[in-house]
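Just one chain is shown here, as structure tokens, and it is the form predicted on its own.
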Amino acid sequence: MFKTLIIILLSSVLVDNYVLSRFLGICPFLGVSKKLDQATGMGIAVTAVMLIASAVTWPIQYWVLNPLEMGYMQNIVFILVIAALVQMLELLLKKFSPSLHKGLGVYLPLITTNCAVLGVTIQNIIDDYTFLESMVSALGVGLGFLLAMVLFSGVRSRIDESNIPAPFRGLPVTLIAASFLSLAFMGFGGIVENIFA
């Protein structure tokens, strides 16, 4: 069991990184990764929302939707749960960490529409994970999101200091850099499973 949880965690962080391999959560990845503190704050906030959303949606799916044969309502119910959680998180950040709340600005409400949060909750159900496995998966996906944000923040700071040819300035060089980071993470494929084989 412990071996399975470690594989789920490491795979979620490195191999199946939602931002770099599934391209979920690209909007905050490109929008908030300019400054390290904002990227870290966004990564932590998304990780917290993923954990809480997985903890709430798993019981809803298995104890409410499945017994009532209402699995077709999964997307709508999960979206409503995630929206409510983000609103609560925004209120807490506004009260206890005003600087982080101000720093995240418009991107905090965007967690509501962050498809990576919805994606992890649905993927946990599709993979038929237990509650504990779902939580480990959500933690891994959140840490993978945080890792991608922090690494890309460093890449973007180097890009800003570089002399980029005019046609590549702005979004083009950002997307090229993101593709190289994605290729780097593809190198982890097969390593995690082989470590524990």
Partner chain sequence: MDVLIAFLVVGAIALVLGILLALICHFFATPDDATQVKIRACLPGINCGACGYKGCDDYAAALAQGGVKPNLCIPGAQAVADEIGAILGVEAEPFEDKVAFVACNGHCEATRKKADYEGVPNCKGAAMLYGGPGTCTYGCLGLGDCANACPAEAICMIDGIARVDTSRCLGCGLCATICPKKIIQMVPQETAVVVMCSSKDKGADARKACQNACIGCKKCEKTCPHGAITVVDNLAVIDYSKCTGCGACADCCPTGCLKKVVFPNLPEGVDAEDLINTQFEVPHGEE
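Residue numbers count along the first chain shown, from 1. Quick caveat, the model's predicted, so the values are computed rather than measured.
Keep in mind that the form predicted in complex with its partner chain is not shown, yet the notes after this line are about it.
Any chance Ile126 has a heavy atom within 4.5 Å of its partner chain in the predicted complex?
Result no; Ile126 lies far from its partner chain in the predicted complex.
Is the gap between Val81 and its partner chain in the predicted complex 4.5 Å or less for some heavy atom pair?
Although its partner chain is absent here, Val81 would touch it in the predicted complex, with heavy atoms inside 4.5 Å.
Is there a heavy atom of Ile44 lying 4.5 Å or less from a heavy atom of its partner chain in the predicted complex?
Output for Ile44 is no: heavy atoms all beyond 4.5 Å of its partner chain.
I'd like to know whether Ala48 contacts its partner chain in the predicted complex, with contact meaning heavy atoms within 4.5 angstroms.
Contact with its partner chain, no.
Among 62 to 70, 129 to 137, 144 to 152, 157 to 165, mark the stretch whose residues have heavy atoms within 4.5 Å of its partner chain in the predicted complex.
Heavy-atom contact with the partner occurs in 62 to 70.
Determine the residues of 2 to 32 with a heavy atom within 4.5 Å of its partner chain in the predicted complex and present them in sequence order; the list may be empty.
Stretch hits: zero.
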